[in-house]
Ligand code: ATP
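The chain below stands alone, shown as structure tokens; this is the form predicted on its own.
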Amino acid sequence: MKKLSPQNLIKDFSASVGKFKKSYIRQEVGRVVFSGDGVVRIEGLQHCKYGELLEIDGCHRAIAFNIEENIIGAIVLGEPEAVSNGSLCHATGEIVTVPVGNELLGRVVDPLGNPLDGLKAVKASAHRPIESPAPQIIDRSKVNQPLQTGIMAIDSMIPIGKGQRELILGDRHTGKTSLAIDTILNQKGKDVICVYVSIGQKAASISSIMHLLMEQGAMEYTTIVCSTASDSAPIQYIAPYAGCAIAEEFMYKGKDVLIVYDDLTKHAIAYRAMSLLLKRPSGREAYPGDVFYIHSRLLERTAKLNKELGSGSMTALPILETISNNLSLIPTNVISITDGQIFLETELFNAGVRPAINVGLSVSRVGSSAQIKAMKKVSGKLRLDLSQYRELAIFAQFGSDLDDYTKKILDYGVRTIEMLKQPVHSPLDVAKQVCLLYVTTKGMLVDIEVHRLSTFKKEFLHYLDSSHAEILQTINSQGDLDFEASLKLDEAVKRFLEFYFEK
């Protein structure tokens, strides 16, 4: 019989304790001391980190946004009224993630990955944090592959390359969103995945965009990340970062991605609202001092990766709204971050020049390195000629007598602008753009009245499709307009003009 002694009792007790598993988790718990307008203030979380995901009452989520000595300021993801004073809160040790992968193609989701299209929940195979570091310089390669927008004025004079950040800005109702949607439509069949991020837009506008993309067959390769005007400021704030995380997943898998942020003005306004509620010190135009950083850390994630990382790319088209063409704090900030801008003017829009692109103020810092050889040949002098035309058109308004050379430049400029006009949601193939610019820059349209040029474009493109498809195929396959192809194009134009003037 085992002798009962203090040592044996201790051994038996230790052995029995070792058989039990620990059923408790040590956790730091805080308490909400203020809740209002999507912002909460929490005390008791001494070891919380900036940007950490918090859980309130086991069912509500928030992001730590302000780290003070004794108080944590957080933004609530979801209904702001759902959190009340006295609610218990704990830090999860994670950051906000969003579902990513092919399962999101053709879907409309909110910034947290919840479906908004009435379909089943997204069962994604992977999740990605909405905040991640931008690729380093050594991980990037040159931006030299064109991303065709299908808009002749942009592809010829303001070319966009894969991995570029091209800002679209202008006043309200000047066609900013239409430019971005046309670019998405033009990616059909080009193996480019598109992500459209709506920030604070009307739900009706997003619905019309979704139906347009569905009608055109573009939703097959597109994901819409939607935060409407009725959503809280925190949801609008995280929307572009969530969309960027979805696009990054495809980029790191070697895919080419186009992402549209519509628009970053409302994103900055949402950030300002949260910052003021959290009593951060305000600066110029009441924006906090780090408003530049929230956009730079977003847009710097856009890149063209090198071969070692799969050669994927993410091209960003951020949109900004100006007031009376005034470049205030946010537009000037984003202009300094991006690789160029497309400036849309109300005066041109009202004058019937659509897309209403001001060529003089618009620029692409990638330049002709993001163009095919054929486009370089036909658009080399186009920008200079249009600038010269606009300068002379100002003096022509005074009604003074003009010499023949000036009249020739003005006439050429009017015809060029007419040829660059393009109906909304009807992007053009790059080969057709090259052919139209070829007949324009070669001065072959002198005898056609200006008001008949729009009809001429339609009929000429139809003629090329039906009778000279080999010219378009050569330009698309080789990316060049060689001597033989240019001779064939000259002959095709000559025959078409003979037929056109016989009518």
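Just so we're clear, the structure is a prediction, and the values are computed from it rather than from any experiment. Just count from 1 along the sequence shown to find any residue number.
A second form of this protein, the form predicted in complex with the named molecule, is not displayed here; the remarks below concern that form.
In plain terms, the part of the chain that comes close to the named molecule in the predicted complex, with a heavy atom within 4.5 Å, is 350 to 358 out of 350 to 358, 186 to 194, 92 to 100, 141 to 149. Only one of Ile394, Ala204, Val424, Ala121 comes within 4.5 Å of the named molecule in the predicted complex through a heavy atom, and that residue is Val424. With the partner omitted from this view, the residue of His295, Lys176, Arg107, Arg128 that lies near the named molecule in the predicted complex is Lys176 [heavy atom within 4.5 Å]. The shortest heavy atom separation between Arg172 and the named molecule in the predicted complex is within 4.5 Å. At a distance threshold of 4.5 angstroms between non-hydrogen atoms, Glu321 is in contact with the named molecule in the predicted complex.
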